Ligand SMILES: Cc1cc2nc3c(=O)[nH]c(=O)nc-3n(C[C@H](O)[C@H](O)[C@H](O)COP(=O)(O)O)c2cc1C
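Only one chain is shown below, in structure tokens, and it's the form predicted alone.
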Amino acid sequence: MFFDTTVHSSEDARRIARRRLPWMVFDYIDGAAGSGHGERLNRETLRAIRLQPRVLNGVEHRSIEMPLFGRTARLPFGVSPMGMCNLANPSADTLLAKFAAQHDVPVGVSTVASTSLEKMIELAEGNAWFQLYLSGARESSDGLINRAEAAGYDVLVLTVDVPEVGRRPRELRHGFTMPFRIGPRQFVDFACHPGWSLPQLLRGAPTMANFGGAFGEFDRTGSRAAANWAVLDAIRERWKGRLVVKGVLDPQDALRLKSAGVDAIQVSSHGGRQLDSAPAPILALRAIRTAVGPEFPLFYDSGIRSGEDIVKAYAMGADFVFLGRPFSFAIAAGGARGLAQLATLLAEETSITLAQLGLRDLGTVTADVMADTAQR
């Protein structure tokens, strides 16, 4: 039976990846906290936002480039930091870094990336931001900050919404642990997906490349509950580059972060992977924009699946948008080809959406493009 592997949408990428990935790996990437209601709610909230078409505005020439920290991103979206990307494909990190270099967009390099932070910024030709989990363990954090500084990173992304790792039943049911522990269920799972298993065997199982040896070990499920505002202040004083704080959903927290001197805030629910009952981050984005004012840089991730979603995030107050899962699924679905197809369709959908709204560039997207005045 013929199975189409062309990526025409984010959902296509997910559907193809679901066939190709072991169940354990797919549920790790796709899973969310609790029942997954929070993740679904945010995507449903995004879907419910209506945009107002406008006509006869001469929109044949359009631009989707966006200014970002003194540079010009040629696409209006970047890559969120994701741990262990090479689970999707042994070349995932490399493909994402080269994608970032090609389009002058940032790729978030996770603390628990499968490729070292030094190699990632080299492959990304400087278009890499290093992500660090905010923790009370200053020695480990300082070592990674020193490495990031030495490697040439000028943006540090502090992830603050993981005081404890959210409980994700889907991955727990499959016995997902890092490092892998291969039992009978996992062996059968891998054997049923040879298209994934054989390349992984040839390249070796992915590891947490920023750890081991002199850099110690990383406990994925370890507590970071000791992190507090004093730790943030110390990192702000230590880090001379731009500092982004990721995982913020509360306007009061946003105002305090602005006062603390951070350079940008990334509104995010961690893709719904932390608190199932969290508010829809797309609505939190609007509330935080109102709180911090029109000039303070706000980034957004969580639930973005299309070009229309990207435009909606800009309309709700984002200055730049990031995606995570869709990139992992596209690479799992088709490697470099799948990633290119997804990026192209997202760019085309964004441009087409601008045309439908009677606009020529994303810089002119405001709350006025939303059809329902209650959403503005």
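In this text the structure is predicted, and so the values were computed from the model without any measurement. The first residue of the sequence shown is number 1, and the count goes up from there.
Absent from the display: the form predicted in complex with the named molecule. The rest refers to it.
S.K.: Closest heavy atom of Gln131 to the named molecule in the model of the complex, within 4.5 Å or not?
M.R.: Yes, Gln131 sits close enough to the named molecule in the model of the complex that at least one of its heavy atoms falls within 4.5 Å.
S.K.: Would Asp301 show up as a contact with the named molecule in the model of the complex if we use heavy atoms at 4.5 Å?
M.R.: Within the cut-off, so yes.
S.K.: Taking heavy atoms and a 4.5 Å cut-off, does Leu285 contact the named molecule in the model of the complex?
M.R.: Contact check for Leu285: no, nothing within 4.5 Å of the named molecule in the model of the complex.
S.K.: Within 4.5 Å, heavy atoms only: does Tyr28 come near the named molecule in the model of the complex?
M.R.: Looking in the model of the complex, residue contacts with the named molecule include Tyr28, since a heavy atom lies within 4.5 Å.
S.K.: Among 291 to 299, 187 to 195, 91 to 99, 265 to 273, which stretch sits within 4.5 Å of the named molecule in the model of the complex, heavy atoms only?
M.R.: The contacting stretch is 265 to 273.
S.K.: Scan Arg236, His103, Arg242, Arg305 and let me know which has any heavy atom within 4.5 Å of the named molecule in the model of the complex.
M.R.: The residue from Arg236, His103, Arg242, Arg305 that makes the contact is Arg305.
S.K.: Consider the chain as shown here, without its partner, and state which of Ser110, Asn210, Asn86, Asn127 has a heavy atom within 4.5 Å of the named molecule in the model of the complex.
M.R.: Contact residue from the list: Ser110.
S.K.: Is any part of 140 to 175 within 4.5 angstroms of the named molecule in the model of the complex by a non-hydrogen atom, and which residues would that be?
M.R.: If the 4.5 Å heavy-atom criterion is applied to the named molecule in the model of the complex, 140 to 175 yields only Thr159.
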